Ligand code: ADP
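This document starts with one chain, in the form predicted alone, laid out as structure tokens.
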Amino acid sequence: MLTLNSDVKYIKGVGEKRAELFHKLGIFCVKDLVEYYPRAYQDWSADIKALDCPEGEPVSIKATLIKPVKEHYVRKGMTLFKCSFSDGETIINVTIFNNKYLANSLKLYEDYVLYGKLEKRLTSVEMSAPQIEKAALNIGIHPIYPATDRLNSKAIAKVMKTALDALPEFDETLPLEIREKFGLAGLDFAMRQIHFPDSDNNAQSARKRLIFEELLVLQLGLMKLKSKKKTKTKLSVTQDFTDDFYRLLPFEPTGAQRRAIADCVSDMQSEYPMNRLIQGDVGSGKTAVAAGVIFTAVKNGYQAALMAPTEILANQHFATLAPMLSGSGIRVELLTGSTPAKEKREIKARLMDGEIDLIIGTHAIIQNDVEFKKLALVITDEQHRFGVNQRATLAMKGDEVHTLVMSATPIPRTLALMIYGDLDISILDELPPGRQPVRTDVVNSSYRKRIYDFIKKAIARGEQAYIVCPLVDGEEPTLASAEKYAEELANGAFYGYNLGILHGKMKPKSKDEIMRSFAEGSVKVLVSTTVIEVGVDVPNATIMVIENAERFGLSQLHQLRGRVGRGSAGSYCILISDSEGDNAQERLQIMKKYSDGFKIADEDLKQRGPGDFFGSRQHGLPDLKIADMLGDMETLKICRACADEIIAEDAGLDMPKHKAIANKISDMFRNSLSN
């Protein structure tokens, strides 16, 4: 008997070879298949006469073939087949392109359904390349699935029908009171009607049920991932030293920076631990906000820790914060994986004795042997790059510590409130004065020589450039790889220039040496992978060239673009792509059109989906199979409230009525919960 856990190859009509085609769609078992939902529907059930049909819109017409198919050879690779149908009132002239199989299958005086767009002429009605099926078999609403060249939507639908017919009734997962309260259909009805609806109303009802369940499971899973306990803290900050901090600064903070620092200090002065997200676009000054919060925490007698996801970014924070706090008496140290062993031991001893006020580092600062005397403030930067447990481990180094999370990945505020449900949010929506707008251009590879000449002129003016590649080495022959590209440039267009290469497979010490050389100006052109996406301010770098730009997400491109335009000179971002796909070019044009990271993030979310946007392993956000985090925002809010009620009644989801939904949570979050 077929079950949800059965391998897809055991569905009648699939087998080993065809199963491989399903694997490419991420479908390995029957459960994967039935959760592969249609992206749209075609309604073949409407029986409208041709003269009553609107022009330019897909319609279905039941008609009889009254004139046999005639073949017309146009040129090599183009054969037309022409025939005529009648709906009883009107003759419909049909043209079929290059489909001999379909043309040969049509039988004179048999009834068919024609599905496609209709054009009305003075004396006739015409349809070009309609879908044609036997009338007896195909009246109804047809699902349209995301498909591939070798596995089309029709083939997927056929296998789906076979599987659903062989499966027993789906076990209900939502308690009856929730279904009744929100007017939700039963699961078995929803799973069958979503694929083969008897009516448009049934399709909508099925979608409503499945979207609700998916978003409810998402909300409950996120609540499970982060503790909702609100325990009082003994680490309350009694005095605000923000004005003293501002006197240290050689620049005037923006209004947004001042508001964010005030928010954080106010949080730390309350009886509960601060739990705040500082969200700001590239270059909005998050580090200065962190410094202001650290300043007040340390001046109240506490220690602070700042954790960054990479050594390069940890070094950047140290290079920025140490001078910024140098006149304050605050003792700052750096601890990373490449810190020499002897120095590590000394730093750990001084931390434990309270001789270090601020420790900046990578995950090295959450190792078991790192202890603090009086840790009160924990800051994580680019927090979506950390596993949930890594953040929790750092927070556990103190007793109900204050937590500040910084992110340069802008997301819409409403969505942020849903995802970071236990965090208050401050948004840095002003850029510091003097930041230059970065001109962005989208070109193909035929422009390379002109780009190289442009870079050479910039170098002659004393400026520097980044060239970013999607790969480290030549894993894919059609894509630019950093190592091969750097070698070609060093021996070709940039022979005699000091070229550097940077990628994630290099040892930390080598990375730091290259980055230091670039920051100091001895390396003029840095060929890199996305390892430079975060951190590293080089005001002298004015040109960012990104190869195979279509391979990157919009938010990632925006992060990379943020590496230039940090000085006073005009800066440029050049996106190189030979992709001819409409979607790729449309995405890259968004980069040219917008400089606002929040707007770009909106577009990125719409195109890529939240799971891909955040990275499910780091963030705990899995891919959604039917819900749309933006389009279904109202349902998301309702599910949030519903999840709160469920947790209030049964925090551990231990009641029998919640057992099925607890299993769904484990399934959806299996990567994150084990992280």
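All residue numbers refer to positions in the sequence shown, first residue = 1. This one's a predicted model, so the numbers in the text were calculated from it and none came from an experiment.
What comes next is about the form predicted in complex with this ligand, which does not appear here.
- Contact check for 236, 273 and 424: none of the three has a heavy atom within 4.5 Å of this ligand in the predicted bound form.
- The contact residue chosen from 296, 529, 254, 555 relative to this ligand in the predicted bound form is 254, the criterion being a non-hydrogen atom within 4.5 angstroms.
- Just one of 402, 286, 209, 587 comes within 4.5 Å of this ligand in the predicted bound form, counting any heavy atom, and that one is 286.
- Between 343-351, 278-286, 462-470, 152-160, the stretch whose residues reach within 4.5 angstroms of this ligand in the predicted bound form through a non-hydrogen atom is 278-286.
- Contact between residue 566 and this ligand in the predicted bound form is found at the 4.5 Å heavy atom cutoff.
- Proximity of residue 432 to this ligand in the predicted bound form falls within the 4.5 Å heavy atom cutoff.
- Mapping the unseen interface onto this chain, residue 596 falls outside it, with no heavy atom inside 4.5 Å of this ligand in the predicted bound form.
- Contact annotation for residue 188: none of its heavy atoms lies within 4.5 Å of this ligand in the predicted bound form.
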